[in-house]
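Each of two forms of one protein chain follows alone as structure tokens, named structure 1 and structure 2.
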Structure 1
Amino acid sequence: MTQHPPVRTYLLVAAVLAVITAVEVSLFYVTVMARFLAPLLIVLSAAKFSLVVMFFMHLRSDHRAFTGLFVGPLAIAIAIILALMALFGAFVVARP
């Protein structure tokens, strides 16, 4: 059995998650950032995603096989989402 991070780490990670969420929600209301809002929000949520997976699900310290079983399919899923969005013209900038 791998050594799991102590409770202190859990609390710290949870605090960071809470702060990022607060930042995300406030960004939503800040209109000046509108142009960069989407990429910024995606980066922030990816950070939250990674924190939970690495610390709460222990992938950072656990066996590499688990990382492979999860990250491989995750990559394929992301690729498929992007491919389908491209195929349906989600990335085509509409011209007036």
Structure 2
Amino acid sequence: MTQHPPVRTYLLVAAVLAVITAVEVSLFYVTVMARFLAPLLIVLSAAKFSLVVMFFMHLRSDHRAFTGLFVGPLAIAIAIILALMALFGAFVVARP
């Protein structure tokens, strides 16, 4: 059995997740960032996904094959989302 991180590490990861969530919410209200909103939110969501999977699902201390089972579908999902967003013009900012 592998050694898991101490409770302090989990609390630190939870604090980082809270900060990332606050940044995501605040980015939505910054009108200057409207053009880059979707890509920024995708990157921040991927970072949160990674932290949750690595620490709270103990993937960091498990076998490397499990990492591939999580990262592979994540990469495919991001590629599909970006392709659909490009197809439907989500990256084009409407000008008043």
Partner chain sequence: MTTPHEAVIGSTGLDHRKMGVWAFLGSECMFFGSLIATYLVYKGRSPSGPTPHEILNIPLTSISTFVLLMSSLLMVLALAAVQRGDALGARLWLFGTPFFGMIFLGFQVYEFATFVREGLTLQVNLFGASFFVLTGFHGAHVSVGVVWLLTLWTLALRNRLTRADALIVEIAGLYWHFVDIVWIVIFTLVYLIQ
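So that the term is clear: the rigid core is the largest set of C-alpha atoms that superpose within 1.5 Å between two forms. Keep in mind that this is a model prediction, so the values were computed, not measured. Residue numbering: structure 1 sequence, from 1.
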Determine, for this pair of isolated chain forms, which one is the form predicted alone. 2
Expressed in whole °, the turn of the smaller rigid part against the larger between structure 1 and structure 2 equals 12
Quick one: CA shift at residue 64 between structure 1 and structure 2, core fit, Å? 3.1
